[in-house]
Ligand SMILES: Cc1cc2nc3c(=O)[nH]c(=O)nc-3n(C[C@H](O)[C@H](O)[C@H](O)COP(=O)(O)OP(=O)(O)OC[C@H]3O[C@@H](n4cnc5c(N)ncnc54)[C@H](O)[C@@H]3O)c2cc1C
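One chain comes next, on its own, written as structure tokens: the form predicted alone.
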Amino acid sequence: MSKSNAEVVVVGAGAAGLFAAIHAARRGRDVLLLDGAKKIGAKVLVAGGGRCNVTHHAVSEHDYHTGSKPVVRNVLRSFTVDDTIEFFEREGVSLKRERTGKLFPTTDRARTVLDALLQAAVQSGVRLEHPRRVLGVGPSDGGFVLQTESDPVRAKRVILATGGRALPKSGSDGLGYTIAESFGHTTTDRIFPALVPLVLPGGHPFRDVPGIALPAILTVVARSGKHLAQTKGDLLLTHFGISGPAALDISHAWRDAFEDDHEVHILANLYPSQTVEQTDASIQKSGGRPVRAWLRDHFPERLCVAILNLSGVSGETPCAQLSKPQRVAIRSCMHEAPLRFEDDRGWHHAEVTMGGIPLSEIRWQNMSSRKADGLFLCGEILDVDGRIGGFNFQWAWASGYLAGCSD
């Protein structure tokens, strides 16, 4: 075919786009992969702290926020974690499972994963052109014409793997939604950053102790007191609020609830290794020890100060002299610290996108559009976002595989 034409054009060379292009080419199709970025694979390279959390040892539809868990289940079953491990093993990338269940390359380098994908694409015959940004897509003579920053490109099929809006420096700026909408697709009412740090108001004591990390349980609580969602994991206190796996995982549920009612808050259990009753008993048994000294048995000094500031109790007060309300205030700040967030840190700090094109608008068997023949969608552009730990990559591999293998 002419260089200006291709049987299949994949728009977006992220994880899902690369996977779709590789598998389409391996089925003998002429594949052109277009991306607007100067450097390919920005999200792959920053994932997992630069190590790339390729997948998780156990993945199910329950690890995702989506409008249709049965569709997610079917897609994940079509290309499993074992399939992912086998694919990368064939491409020379061995994966190791860590205590958390996350799978990383044994090199601990995200570059290993990206290089393997790019090499697989080249060896499969994929033509990768970047930076060549696609500006729009329209129907043309039984196929499509793609307007780019240079010449137009004609294709029989188009696979949209443009991502959502998270980390826009990687090229995910929402253009994929506009292209899909031009063919009659819709997007969910809510499209927000997900897996994103949360911002506490200025002056909150926890903002004064950046760099402290600890295990925690976070619970989203409605104005009525109803518990809406909960997650557990490592929490990082920062100069702006909270980050770390627990914060990122709870961010979707917090945003969803926050849009319904700005009075929603999060309760942070900063000492989940013991119960409230055990904490209360420990305080009462501590006699004349100052409460600040007692807190040092459980937390770093700086966090002790923050907890005291939050509780309003003087750190020099002997434990035996604490009134019941003061004791309750201390234990509450340990086990149910109330956190009201102003916002999240936005798209530039988000790992994925909450919301997208509804799964009801695609056929999961091959990720084809129900709105336009020859159009396929995969990856983050769809209304699927997983929790932290490799789940979003597994969705990218599985949905990209189905889109690439479509007949």
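Please read these numbers as outputs of a predicted model, since none were measured by experiment. Residue numbers run from 1 along the displayed sequence.
One more form of this protein should be noted, the form predicted in complex with this ligand, which is absent from this view; the next part is about it.
Figure note: of the listed segments 131 to 139, 221 to 229, 115 to 123, 205 to 213, the one touching this ligand in the model of the complex, with heavy atoms no more than 4.5 Å away, is 131 to 139.
In the model of the complex, every residue of the candidate spot (37, 163 and 391) has a heavy atom lying within 4.5 Å of this ligand. Contact between residue 59 and this ligand in the model of the complex is not found at the 4.5 Å heavy atom cutoff. Interface residue remark: residue 351 is counted as part of the site for this ligand in the model of the complex, having a heavy atom within 4.5 Å. Taking the partner from the other structure, this ligand in the model of the complex has no heavy atom within 4.5 Å of any heavy atom of residue 311. This ligand is not shown here, and in the model of the complex it never comes within 4.5 Å of any heavy atom of residue 369.
Contact with this ligand in the model of the complex, judged by any heavy atom within 4.5 Å, is made by just one of 246, 199, 253, 175: 175. None of 241, 233, 105, 171 but one reaches within 4.5 angstroms of this ligand in the model of the complex through a heavy atom, and that residue is 171.
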